[in-house]
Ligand code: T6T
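This document opens with one chain alone, in structure tokens, the form predicted on its own.
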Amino acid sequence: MKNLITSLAFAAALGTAGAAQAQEDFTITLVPGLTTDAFYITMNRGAQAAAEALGITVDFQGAEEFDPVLQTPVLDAVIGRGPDAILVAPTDSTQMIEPLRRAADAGIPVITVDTFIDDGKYQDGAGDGDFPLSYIASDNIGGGRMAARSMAEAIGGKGKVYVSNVRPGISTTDQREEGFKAEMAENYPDIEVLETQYNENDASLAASQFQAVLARNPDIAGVFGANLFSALGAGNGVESAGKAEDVTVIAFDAPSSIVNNISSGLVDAAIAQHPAEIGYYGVMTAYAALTGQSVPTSIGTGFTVINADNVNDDEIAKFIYAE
């Protein structure tokens, strides 16, 4: 990610600038990928913390499933209410371009959080989706690479693994898979990455897919779950097959359900994003734009690896997502 900012300095500077100015009665709407996911609930907590610091209002409105067909009417309703800015996690990198363009055409600044539209490179004059002001998210390619390194270490640098993913077209999970495969190809020649299994965010399907992969590859050594339901489903499939001692499961994201599975040994490690930071930075960035300040076109947040060695540490608790 270009123009990557990983420290709190930018947000701190914005907060100081905001406090020094007369308070503006801004309303910003955060449209998550879905409202019921712990990742987005935690993101909203960060957004609300920033709103409280600035003395502005942040609304949280979205669909209950991660689906562009459901997200579009929610977004249209938000646009109709005319907030001062929109923070949005687009549920498809292509299908959400035109719905978000309607916001920009209405004069509402758009900032994408977690996921992006088009290629995620904004304000460069290239592509149909360069109009958002900024993209704020984890470095998902880097996170995928981190997952690959954790997997390789756990399985001793050799064996067969596969990626359990949602579906193509979701920017974040596409990049996690890309990073995972690139790291394996570049640094672990004795690890074979099998065909990706797409589960449409259905943990039950992810579990049955593991059973099918196991039938074809009895020596399967590991599964990387590129999102919550992929990891939960793969873990359940491993448990049902009685393979918990033989198959490594690496998860992406860290709600309590995944953390509990780390404690029980069903999941070996989780790559925890920092969604509260994403929400906080998102609001601060929107406020900066609304008050005439320049903003970076991309802001990156970090990761924390949670495993059996640190899952009970007090310092790790702050990275477990809110329910």
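None of the values given here were measured: they were computed from a predicted structure. The numbering used is simple: start at 1 and walk along the sequence shown.
Absent from the display: the form predicted in complex with alpha-D-tagatopyranose. The rest refers to it.
Check your understanding: Is L228 close enough to alpha-D-tagatopyranose in the predicted bound form to count, meaning some heavy atom within 4.5 Å?
Key -> Although alpha-D-tagatopyranose is absent here, L228 would touch it in the predicted bound form, with heavy atoms inside 4.5 Å.
Review point. Even though alpha-D-tagatopyranose is not shown here, does T285 get within 4.5 Å of it in the predicted bound form, heavy atoms only?
Key: No, no contact at 4.5 Å.
Point to revise | Heavy atom of T115 within 4.5 Å of alpha-D-tagatopyranose in the predicted bound form | key: Yes, T115 is a contact residue.
Check your understanding: Does the 4.5 Å heavy atom contact test between D253 and alpha-D-tagatopyranose in the predicted bound form come out positive?
Key -> Contact check for D253: yes, within 4.5 Å of alpha-D-tagatopyranose in the predicted bound form.
Point to revise | Residue stretch of 260 to 268, 32 to 40, 55 to 63, 287 to 295 approaching alpha-D-tagatopyranose in the predicted bound form, non-hydrogen atom distance within 4.5 Å | key: Going by heavy atoms within 4.5 Å, the stretch is 32 to 40.
Review point. Given that alpha-D-tagatopyranose is left out here, which of Q71, T172, S134, T248 has a heavy atom within 4.5 Å of it in the predicted bound form?
Key: Contact with alpha-D-tagatopyranose in the predicted bound form is made by T172 alone.
Point to revise | in the predicted bound form, residues of 262 to 299 near alpha-D-tagatopyranose [heavy atom within 4.5 Å] | key: Stretch hits: a single one, Q273.
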